[in-house]
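The data below hold one chain only, encoded as structure tokens and taken in the form predicted on its own.
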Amino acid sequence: MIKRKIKERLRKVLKELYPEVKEIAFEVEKPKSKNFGDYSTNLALVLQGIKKVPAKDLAKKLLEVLSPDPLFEKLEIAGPGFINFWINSQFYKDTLWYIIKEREAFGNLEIGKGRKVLVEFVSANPTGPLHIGHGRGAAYGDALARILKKAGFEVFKEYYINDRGTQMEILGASVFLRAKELAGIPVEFPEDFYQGEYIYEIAKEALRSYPDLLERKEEEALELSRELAIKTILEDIRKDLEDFRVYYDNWYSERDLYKKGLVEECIHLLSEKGLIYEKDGAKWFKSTLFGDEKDRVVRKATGEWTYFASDISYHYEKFIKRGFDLGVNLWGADHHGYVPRLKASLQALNIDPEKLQVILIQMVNLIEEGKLKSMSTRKAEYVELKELVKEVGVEAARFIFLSRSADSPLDFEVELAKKQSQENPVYYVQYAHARISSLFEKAKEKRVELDKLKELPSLALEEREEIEILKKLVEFPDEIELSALQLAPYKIIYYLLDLAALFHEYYNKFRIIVEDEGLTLSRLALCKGCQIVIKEGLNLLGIRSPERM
């Protein structure tokens, strides 16, 4: 909000002084030291390269026009030509009234301009329960969708189900063999089949649902086992995600791509372009023509389509058939080699590869009693998402999952997440909200007439801590913009921690409800602004804001 306002002022001055300069990219940032003002810009330095005039001379001209603007309390030139701004405190106070008026709508942006975005996340193969790694992707994708919507994008959330292919065959065979085992028939269970108690549970259900399962033809028995396993595991995944406050607009089955004929349509389009060739009985896509390290198989010599062929057609449908302007995929970090080949296929289909943004989610290390827990998906040696949520709660799990950039591994300390103290970061932020709620309860008890807030001629907020909180509140829309454009929900986490720290410091140092009615109402207005922003910030992360703790 404030950065955007400063940029608007600078562009207006630029147009007035140098109308011939049409497009110019410059930055408005917070200086590292408060001695250099509230904000700083490199506009004069960028302009120097265009006008061939020393940056300091250009900065002086800009300052002459900017100086009368009431937004600025003080302006100065620093270093080789930076312009530093001190914002008028009245602007911050005016914004506080705006926050109180707008409530949860404060921070709504239009940068998305209604562009359609498909956020596809988790999309775990239905071969077993969700583990904590999936939980990180779930929290990240859901929070990102909320933030993009707040920023003015039209957002659609989708789970892509890989419900065909080799892994599904192995899943069905795993259940069938366990059913035999349960019936007392000796079996050799291959190491690369799916292990874990959940396979036994599905096998028991298969025997209950189909009492004659083991008497049927093996092909039919395997199919029944496979379909029951997929259905059961998907129901479990859906429930775990909903318990984690993650809901999708659509669950998209890979099988539908084949029912619609999309895979054959895409490969045919690529063939017409001369980008498909046959070798060793298989069909290959010439992905090396588009920067991939080697060509890729789309159809095996056996006649079976590859996962890559499905993915090409799935993304073709996203952008061509369904008309999404942007696709954001959240994948595990082990998929990094897959990105170039998928972008190559988009380019080959005349789709701008930049329309697809892939976020690779690094692994989660679970730390319990100071020890790192080992993980193995195939052997079912992992912590299920539902187990973690049951132990630490949705709030702590989501907050910690979102507390780091996706490209950084995450250490999840279980003991810290369970603490009901200010050491726990989510508790620290939620406690600020709860404290404010209790303040308003006390104000009612003391018969403070809160309706008089609207009648205050001005806010009596002059303490350094009060101004710092006002400045932080004004930054909220800027943080949403950065978070949306950089696809980085963790920026909201950092912002909330900073705001909570400022509030707790203020609360511990000053009495809010005092004898002076005007001062009491002013301080309650400041607290109300904090409460609104904390609640909306937590809501963007899918975290609740309790009124009592």
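From 1 onward, residues are counted along the sequence shown. Rigid core here is just the name for the largest C-alpha set that superposes within 1.5 Å across the two forms. For clarity, every value in this text was computed on a predicted model and none was experimentally measured.
What comes next is about the form predicted together with the RNA, which is not displayed.
Just one of Ser458, Gln90, Ser408, Ser271 comes within 4.5 Å of the RNA in the predicted bound form, counting any heavy atom, and that one is Ser408. Exactly one listed residue, out of His335, Lys231, Arg103, Lys113, brings a non-hydrogen atom to within 4.5 Å of the RNA in the predicted bound form: His335. Heavy atoms within 4.5 Å of the RNA in the predicted bound form are found in exactly one of 389-397, 147-155, 431-439, 315-323, that being 431-439. Proximity of Lys217 to the RNA in the predicted bound form: non-hydrogen atoms within 4.5 Å are absent; the residue sits far from the partner.
Contact between Lys30 and the RNA in the predicted bound form is found at the 4.5 Å heavy atom cutoff. In the predicted bound form, the RNA stays beyond 4.5 Å of every heavy atom belonging to Phe244. At a distance threshold of 4.5 angstroms between non-hydrogen atoms, Trp284 is in contact with the RNA in the predicted bound form. For the marked spot (Asn350, Leu450 and Asn539), a heavy atom within 4.5 Å of the RNA in the predicted bound form is absent from each of the three residues. Applying a 4.5 Å heavy atom cutoff to the RNA in the predicted bound form picks out Ala78, Gly79, Pro80, Phe82, Asn84 from 71-92, in order along the sequence. Comparing the forms between the shown form and the other one, the C-alpha position of Val514 differs by less than 2 angstroms, with the core used for superposition. Ile50 is among the residues whose C-alpha shifts by 2 Å or more between the shown form and the other one once the rigid core is aligned.
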